[in-house]
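In the form predicted on its own, a lone chain appears below as structure tokens.
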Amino acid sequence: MKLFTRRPGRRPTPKVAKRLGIVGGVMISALVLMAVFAPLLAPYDPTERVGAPFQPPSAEHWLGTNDVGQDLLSELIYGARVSLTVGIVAAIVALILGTTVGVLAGYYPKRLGKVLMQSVDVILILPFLPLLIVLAAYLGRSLLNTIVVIGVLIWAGPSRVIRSQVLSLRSREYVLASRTMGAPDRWAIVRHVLPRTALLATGTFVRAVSTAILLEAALSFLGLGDPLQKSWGSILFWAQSRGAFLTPAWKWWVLPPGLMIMIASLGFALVAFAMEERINPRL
């Protein structure tokens, strides 16, 4: 309990933030190792029928089976691959878009910057969840479409953060000196601006991964994800659509994937929080 103790109205100290970051890093590492070594850790093929339907947890099936007799522990382990892949790749897409728009809007704050930030404001004021559902339904149910939809919709937030940093950097002495010496803008951006926004961009990327994992789970649970891929969200979708909540099977069919989603999202959020404390100790 001492780890989470703080005075009302104050943020945790840097030492506490570091500890939280370590906890988050351990959680993420465990999930990544589970995804990488899924073929070795999973006791069965997640697509094969290996037991009786709705079999409760036992020594043979630690998390029981679903309605067709597939091992739920194997589905959970393999689901880490899809959920983490979607989260990381969608965050990369958002980072590329957000960094590009943020750097250009911050380095050229007048005409180009105004146009870009107006587009960012439009995206931010649109109702997020309905737009996410509409785009996912329009593009179709596939893993690639899920990644594209999530990445395209979460880049606006990181772009505003990066833009504010670039606005400060463009007036620094080394940037002004390079422009005075006749260096092209792309040189100043690549040489001076991007390296000094890398740490900030990394923090926004980690937070975007946390958001993307939650969004993938939400889309899959609503039936808008790839039905052929085993992810934590798709496990919840099949549990809901096949009546798991009407039987005792919800205890071993619904709770474990929900717990995995919570652990993954919380782990990335804690790491992002620790990185933000390091980037700007004045917080």
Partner chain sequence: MKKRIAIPILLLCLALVAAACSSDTDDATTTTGGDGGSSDTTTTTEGMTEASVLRAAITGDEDTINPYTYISGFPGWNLLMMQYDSLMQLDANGEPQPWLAETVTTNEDLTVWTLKIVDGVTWHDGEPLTAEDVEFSLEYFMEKATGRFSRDLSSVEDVTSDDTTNEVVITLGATNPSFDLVALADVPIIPEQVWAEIDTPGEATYDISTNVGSGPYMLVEYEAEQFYRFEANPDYFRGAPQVDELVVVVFADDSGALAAIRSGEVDVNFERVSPEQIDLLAGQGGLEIAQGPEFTTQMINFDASKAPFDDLAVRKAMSLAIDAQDIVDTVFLGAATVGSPGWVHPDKAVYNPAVQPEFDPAAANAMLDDAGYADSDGDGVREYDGEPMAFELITNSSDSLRLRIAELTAEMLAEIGMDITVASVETATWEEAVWPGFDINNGRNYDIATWGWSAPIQANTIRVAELVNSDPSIGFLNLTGFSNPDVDTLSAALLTEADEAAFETGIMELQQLIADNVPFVMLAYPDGAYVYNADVYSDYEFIAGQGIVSKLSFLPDSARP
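Computed from a predicted model, the values in this text were never measured in an experiment. Numbering follows the first chain given and starts at 1.
Below, we refer to the form predicted together with the partner chain, which is not included among the displayed structures.
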Listed range touching the partner chain, judged in the predicted bound form by heavy atoms within 4.5 Å, from 206-214, 186-194, 167-175, 102-110: 206-214
Interface membership of L129, the partner chain in the predicted bound form, 4.5 Å heavy atom rule: yes
Contact of L63 with the partner chain in the predicted bound form (heavy atom, 4.5 Å): no
4.5 Å heavy atom contact, Y44 and the partner chain in the predicted bound form: no
Interface membership of P158, the partner chain in the predicted bound form, 4.5 Å heavy atom rule: yes
Among the candidates I92, A137, V115, L144, the residue which, in the predicted bound form, approaches the partner chain to within 4.5 Å (heavy atoms): A137
The unique member of L124, L97, L199, V148 whose heavy atoms fall within 4.5 Å of the partner chain in the predicted bound form: L124
Residues in 53-69 close to the partner chain in the predicted bound form, defined by a heavy atom within 4.5 Å, in order: P53, F54, N66, D67, V68
